[in-house]
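A single chain, nothing else alongside it, follows as structure tokens in the form predicted on its own.
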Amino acid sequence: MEKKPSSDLEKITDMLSPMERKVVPYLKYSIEEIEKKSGLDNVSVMRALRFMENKGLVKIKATEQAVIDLGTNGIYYKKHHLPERQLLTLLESHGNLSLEETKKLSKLSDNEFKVALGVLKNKALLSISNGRLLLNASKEELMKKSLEEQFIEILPIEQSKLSPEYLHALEQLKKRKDIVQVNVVNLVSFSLTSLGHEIAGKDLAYASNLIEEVSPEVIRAWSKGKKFRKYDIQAAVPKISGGKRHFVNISINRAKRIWMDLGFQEMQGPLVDSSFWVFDALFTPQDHPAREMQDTFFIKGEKGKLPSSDVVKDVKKAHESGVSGSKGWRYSWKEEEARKVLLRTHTTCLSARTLASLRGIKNKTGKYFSVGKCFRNETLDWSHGFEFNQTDGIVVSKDTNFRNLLGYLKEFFTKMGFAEIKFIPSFFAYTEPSVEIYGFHKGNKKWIEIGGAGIFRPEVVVPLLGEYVPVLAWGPGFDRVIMDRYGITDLREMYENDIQRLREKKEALD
């Protein structure tokens, strides 16, 4: 056993945890060797080294390194040979064959067959004459492994260790699907400081007598010769990620609270609904493009139920000949089309259902909202998704007007942290006047449309309520509001469920 260290080194050794003391005798070795000799796993060794770095004993260096490995197809081809080798083997055993004969005899897919032909022609090992495949090399040349075949056999390997020839092979294989993949790995190493050199390799068995914690047993067996281990209160500790709601759900609950604080009642309804409520009740003609398969997810073979006959009759009349002086859409409205079932494309169908529920009531007033999922057959990109959230709302009152509508929207978006918004006159089939709501997206530095609003047309209100009462209505896309609130620049990030990002995501401040 070595002598007990003194001065600054003694102070540090009195602070070393049991895990660090196990590592100290092997500090002159690599991390892998320390793991083997100390019996600690990689996580424990790295934690011990981090603690030592805080004490000035070591310096840790992390570097990124590209490692080339086999992809899914590469693993298969390493066992069953590359397509070009399979084609060569076939031609060697059968002689010169026609293109069609070769294709039938080979077990290659159309794409693999084309790739194999291209590779062998580029290497001048094969030519095509009068529709027949001709080998252009001796048997010895054909037996020799290609550079790509040799390269596959040495994987995995660090990219920095590749020769110019293998780098060329890598570039050729990267053009082909899933044969090789480049993985970036973090390599960690460490070096000793001057103080670290003093302590490295020492046996610190004497420090095992230091008291780690106070317990009844320690108190009963207390002796003046024992010391407590000193704790480094500045050492980094593991982050604790407590359970919490998904930030999308947090935002949805916040939106609900805002509307309820403004005196609104929540509307709820099915995700799968009939075309009657999603389109017809909202005065959307039955030949409208939104009702086509390329825009909407229909449920094949299902038929929806229609509401009471008086509501259906009045909706039909609004479409065919109009109400309150309008001319309608001037076509023959079909009940069969209205019964088609689909994933709702907006939550405004809940507003239609709510208006119909007020039919027959004398004093038709109320404020209602909804926040829910909608579905559209959209191409997925940074600002569009086939599944998204929408917040809808209606205000039913004889005393309401367009300025009230803009006021409600301004109040909601301000409370959601969307400071910069603007309203632009627009057209919607079921509101008049109509307005589009735009918000400035700070991340992408552009104005994006976040919803539409307006006052429901008589063709919507009269068939559902049985009379005309002014109804303010809106339906902003809620996901884009969440994006701005959390500084998200890509809509897809909201549904990736990256656990690390979710842990780091904090509720946006007001």
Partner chain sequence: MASVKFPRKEFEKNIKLTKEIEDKINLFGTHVESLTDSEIEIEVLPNRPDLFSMQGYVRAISAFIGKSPGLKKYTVSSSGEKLIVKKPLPKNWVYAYACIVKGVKFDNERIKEVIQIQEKLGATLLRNRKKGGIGLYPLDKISFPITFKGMNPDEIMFRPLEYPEIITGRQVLARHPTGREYAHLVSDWDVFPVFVDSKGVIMSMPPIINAHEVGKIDENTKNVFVECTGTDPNVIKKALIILLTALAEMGGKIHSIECTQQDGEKESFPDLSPEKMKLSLDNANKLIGLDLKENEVERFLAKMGHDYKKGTVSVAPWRTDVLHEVDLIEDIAIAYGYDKIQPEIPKVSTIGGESRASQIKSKIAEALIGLGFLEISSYHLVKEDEIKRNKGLEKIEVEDSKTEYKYLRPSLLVPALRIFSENKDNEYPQKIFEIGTVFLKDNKIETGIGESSHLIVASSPANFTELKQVLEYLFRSFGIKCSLKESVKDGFIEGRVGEVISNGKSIGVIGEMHPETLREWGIKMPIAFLEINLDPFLA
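This one's a predicted model, so the numbers in the text were calculated from it and none came from an experiment. Residue numbers count along the first chain shown, from 1.
Form predicted in complex with the partner chain: not shown, discussed below.
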query	finding
Heavy atom of R457 within 4.5 Å of the partner chain in the model of the complex	yes
Contact test in the model of the complex: W329 vs the partner chain, heavy atoms, 4.5 Å	yes
Contact label in the model of the complex: W277 to the partner chain, heavy atom within 4.5 Å	yes
Touches the partner chain in the model of the complex: Y468 (any heavy atom, 4.5 Å)	yes
Heavy atom of each of D287, K410 and S426 within 4.5 Å of the partner chain in the model of the complex	yes
Segment assignment from 72 to 80, 174 to 182, 339 to 347, 195 to 203: heavy atom within 4.5 Å of the partner chain in the model of the complex	339 to 347
Residue (of V312, I157, L125, L406) lying close to the partner chain in the model of the complex, criterion heavy atoms within 4.5 Å	L406
Contact residue in the model of the complex, from R359, K230, K367, H168 (heavy atom within 4.5 Å of the partner chain)	K367
Within 271 to 285, the residues that have a heavy atom no more than 4.5 Å from the partner chain in the model of the complex	L271, V272, D273, S274, W277, F283, P285
